[in-house]
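Quick setup: one chain, the form predicted on its own, written in structure tokens, and binding and motion questions come after.
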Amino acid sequence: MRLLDKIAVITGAGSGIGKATAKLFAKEGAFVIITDINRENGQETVSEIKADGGKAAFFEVDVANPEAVEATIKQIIESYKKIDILFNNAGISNVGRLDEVEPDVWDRIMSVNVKGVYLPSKYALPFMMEQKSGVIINMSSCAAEMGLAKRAAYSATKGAVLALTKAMQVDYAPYNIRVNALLPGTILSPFVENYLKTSYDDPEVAIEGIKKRQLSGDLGRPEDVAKAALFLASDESSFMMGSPLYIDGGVVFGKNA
């Protein structure tokens, strides 16, 4: 029970990595606040957690909407009195070279992936500062550290999130708040499955190609990232501050012969 009696807020927890993390955090004793723009998915995550004996609640929110995020954080504080852990997980992607990305698409990806980290953090941090404790986990990507074809907008957002993580840690270390980032490789989640279906004529061929660039020879699973998030959320990572944690199957620092 590494998160016993902790209040954990996870954005984009209706599916994939967010959902797997929410379920794991609940098993480790946390009361998990599920936020997602998709009400049906978010409520399903809550139902599964409760069916397994855990505690959870759902808030429907668009992480790119300042008023909605501020209201949600205030409501969480009013209801549960604190936020111990904030996992900024929500994100979207697209495919295209820079010259192929339309301005409205660029703005939306930036809004969700970067503003969607800024806003929940902005409104949760004052409460963490007051209680002089807290953990923030930001979802970056291995794309922040390497070049990937036709991922211009996505890579830009994940690089921004990694840089933001480091800057946040400097500012909030005096308040006993730790801020770290997760950098997954390709994880077989609904997020990636949808991307494969919309970006490739043959998704199965695409998957085999992706497997070859990872030393593991396989794609990761949402549970792999959830375990890393649990480590960052728990006291076991108490000496990690402003750090990137790679869960990438060896894609960043390795190369197949």
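Note that the coordinates shown come from a computational prediction; the quantities given were computed from them, not determined experimentally. One rule holds for the numbers: they count along the sequence shown, beginning at 1.
This protein has a second form, the form predicted together with a small molecule, left out of what is shown; the following refers to that one.
Interface residue remark: I109 is not counted as part of the site for the small molecule in the model of the complex, having no heavy atom within 4.5 Å. Using a 4.5 angstroms threshold between heavy atoms, Y172 stays clear of the small molecule in the model of the complex.
Although the partner is absent here, D62 lies within 4.5 Å of the small molecule in the model of the complex, judged by heavy atoms. In the model of the complex, the small molecule lies within 4.5 Å of some heavy atom of N38. If you check the small molecule in the model of the complex, you find a heavy atom from every one of G12, K158 and F191 within 4.5 Å. With the partner left out here, the small molecule still marks one of 128-136, 73-81, 94-102, 179-187 in the model of the complex; by a 4.5 Å heavy atom cut-off that stretch is 179-187.
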